[in-house]
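In structure tokens, the next block holds one chain alone, the form predicted on its own.
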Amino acid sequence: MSTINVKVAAVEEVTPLIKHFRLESEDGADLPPFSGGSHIVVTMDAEGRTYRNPYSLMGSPSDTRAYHISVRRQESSRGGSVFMHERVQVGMRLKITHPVNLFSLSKLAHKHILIAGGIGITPFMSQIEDLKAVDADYELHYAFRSYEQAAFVNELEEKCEGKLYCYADSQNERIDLTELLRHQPLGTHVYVCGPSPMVVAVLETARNLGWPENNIHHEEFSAPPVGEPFKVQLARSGIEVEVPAEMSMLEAIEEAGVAADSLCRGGVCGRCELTVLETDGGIQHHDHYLSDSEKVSCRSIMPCVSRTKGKRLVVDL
């Protein structure tokens, strides 16, 4: 995938755990256009290790002088979020991919219900700009641990003009999903981004209420989990690759110099799917792409987030 050279123009601490970064083209030109819900992948080179993490674009799609991303420092970070928080400073150069949108707004929707949890607010920041531009009917429901840890609330209150609803865990405030989704007009679409339990709850509630599948949208990039080390045999390439405990299978394949197709790097898009030819211990599936039956069959794996339960895996690559 082609990359863009950018420089870090500004870094802001939004909360103790969230930093906001303004990225500008290294040559000063406008960056490629994007639509609300798009993301980029940031490449980070840290002490002989390369991280490639997806981050949602937050700025207005009408302003491509810079890209805006926010990064939450993860408690169990493999290194990417720590790198962004501790190493990235104003003036630093980074490489990013061109924007890709796997979480786009439906142009046919009569109304949009946006549901965000924590750092899952980021893709909605640009979506709101798109919705406001066409005077669309929408509501934003934003849940967070506490108002002290909530990012961008003041900015959203101003932008949303009465269409923002906030819920703080610290004050025992919860979104009543059934009540929210039960009484929406025909043609409403719901979008959710946040922690896995929230995403699952929204999807299950909407489906149980009879919402059409095409009207339900979600985004949930999974960070590759730490696991046991194993070896992956690349059948067509004729090489065997060691996958360390803290590295994803996709990252290890790339480190070995083998080109592997990918897009979201978070288990969502299915672009990196590989056919499993042999495994000695089954597969730990962490993606949001394969169906339950496909996961049980163990015939496919998303190397960006999934691992083998055994010591060795053979794939068609």
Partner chain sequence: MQLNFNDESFRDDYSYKNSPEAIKRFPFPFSEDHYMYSVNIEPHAKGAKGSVYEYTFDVDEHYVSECLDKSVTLEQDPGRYAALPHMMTAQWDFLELAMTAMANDYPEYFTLTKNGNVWTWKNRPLEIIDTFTFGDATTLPYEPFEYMGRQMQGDFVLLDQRDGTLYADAGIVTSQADWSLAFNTGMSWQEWHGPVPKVTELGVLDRALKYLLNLQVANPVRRLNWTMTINPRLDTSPENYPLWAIDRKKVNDETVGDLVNLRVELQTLFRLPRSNAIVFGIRCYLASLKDIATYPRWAKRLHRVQKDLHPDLIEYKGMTTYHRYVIDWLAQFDDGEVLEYGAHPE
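Numbering follows the first chain given and starts at 1. Definition used throughout: the rigid core is the maximal C-alpha set that superposes within 1.5 Å between two forms. Small disclaimer: the values here were computed from a predicted structure and weren't measured.
There is another form of this protein, the form predicted together with its partner chain, and it is not shown here; the text below is about that form.
- Considering its partner chain in the model of the complex, the lone stretch of 246 to 254, 276 to 284, 34 to 42, 51 to 59 in range is 34 to 42 [heavy atom distance within 4.5 Å].
- Among heavy atoms of Arg65, none comes within 4.5 Å of its partner chain in the model of the complex.
- Proximity of Arg93 to its partner chain in the model of the complex falls outside the 4.5 Å heavy atom cutoff.
- Although the partner is absent here, Asn172 sits far enough away that none of its heavy atoms falls within 4.5 Å of its partner chain in the model of the complex.
- Using a 4.5 angstroms threshold between heavy atoms, Val241 stays clear of its partner chain in the model of the complex.
- Only one of Met198, Val71, Leu156, Leu102 lies close to its partner chain in the model of the complex, with a heavy atom inside 4.5 Å, and it is Leu102.
- Residues from 266 to 295 that approach its partner chain in the model of the complex with a non-hydrogen atom closer than or equal to 4.5 Å are Gly266, Val268, Cys269, Arg271, His288, Tyr289, in the order they occur in the chain.
- In the core-superposed comparison between this form and the one not shown, the C-alpha atom of Ser262 has shifted by at least 2 angstroms.
- Once the cores line up, the CA of His286 ends up 2 angstroms or more apart between this form and the one not shown.
- Arg271 shows a C-alpha shift of 2 Å or greater between this form and the one not shown [criterion: core-superposed Cα displacement of 2 Å].
- The pair Glu251 and His20 is looser in the model of the complex: their Cα-Cα distance rises by no less than 3 Å compared with this form.
- Whereas the shown form places them at one spacing, the Cα atoms of Thr97 and His286 lie at least 3 Å closer in the model of the complex.
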